[in-house]
Ligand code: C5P
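One chain comes next, on its own, written out as structure tokens in the form predicted on its own.
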Amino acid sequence: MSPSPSPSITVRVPAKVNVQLAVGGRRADGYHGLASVFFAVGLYDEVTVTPSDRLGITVQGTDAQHVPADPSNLAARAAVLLAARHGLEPAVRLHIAKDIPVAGGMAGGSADAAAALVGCDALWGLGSSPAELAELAAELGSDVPFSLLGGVALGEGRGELLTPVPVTGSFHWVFAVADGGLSTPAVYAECDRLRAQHGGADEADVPVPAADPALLAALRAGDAAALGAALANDLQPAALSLRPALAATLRAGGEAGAIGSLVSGSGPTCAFLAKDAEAAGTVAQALAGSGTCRNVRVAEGPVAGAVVVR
């Protein structure tokens, strides 16, 4: 059975920053338990899904040359997974318009996978529930379920078990994009190596990861200063070990007036929280002239997750 032709569907999906990333010890299966507070920000990719005679993928936009335009792309894998679940052929063309930094710790690939799930589901008229899409998303990767949900959420397990977090108001962010990417597995391996030097890297050696009550309270109250003080990323020492130049980026943002900073996820993008929109502009201008990063982006959040826009 093949899906019947329909007009194309375009889905917009946001980037994320981890305002907290607590990483547990290495488990027997090689994974790490997480307590990750995901925060969706207003930098977006758009994925357009169009009927075709076979699966195809095209990519344009920022750093598109670094995104695989073949079946290994996570968006293509999402289309194949959804089609297989319903006994369909994944006869679609996926066109990804990139604006989320590539390989920057902001879940761009996961965002595209979430958008492909939503777009193909709509194109094929499947009417999957949010829970059904979230289950498929978790099979694709730990960050994909949050890209469906958006807003702010606590991710536990490998990050895929989500609990929405209440937030008041909007927060202003500046992102400093580094040259080149950082391999997520390499950052986790470096985290384990550094921990092994100071007491152990295994599950029994590391505290069980948990959300910081002060950070959750700051989000609930809309208190930017308190949120800035509570930002935390257990992978940051590993990212800095592998890419020491990031320390200069973090320092430049702090000197420009950011009220909080951290490496986003596994890096190498650095995220800076500003007290308001004017301060964000000041921080962005200083970072752009600092010589410590390739590009600077400004965004507000939280924003909604993957949504059909046309």
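This is a predicted model, so every value here is computed, not measured. One-based numbering along the sequence shown.
As for the form predicted in complex with cytidine-5'-monophosphate, it is not shown, yet the points below apply to it.
Within 4.5 Å of any heavy atom of cytidine-5'-monophosphate in the model of the complex lies no heavy atom of residue 69. Though the partner is left out of this view, residue 195 does not reach within 4.5 Å of cytidine-5'-monophosphate in the model of the complex, counting heavy atoms only. Although the partner is absent here, residue 228 lies well away from cytidine-5'-monophosphate in the model of the complex, with no heavy atom inside 4.5 Å. Not displayed here, cytidine-5'-monophosphate is kept clear of residue 275 by more than 4.5 Å at the level of heavy atoms in the model of the complex. Relative to cytidine-5'-monophosphate in the model of the complex, residues 12, 49 and 119 are all farther than 4.5 Å at every heavy atom. Only one of 122-130, 196-204, 181-189, 88-96 lies within 4.5 Å of cytidine-5'-monophosphate in the model of the complex by heavy atoms, and it is 181-189. Screening 259, 256, 34, 57 for any heavy atom within 4.5 Å of cytidine-5'-monophosphate in the model of the complex leaves a single hit, 34.
Contacts between stretch 155-171 and cytidine-5'-monophosphate, counted in the model of the complex as any heavy atom lying within 4.5 Å, involve 158 alone.
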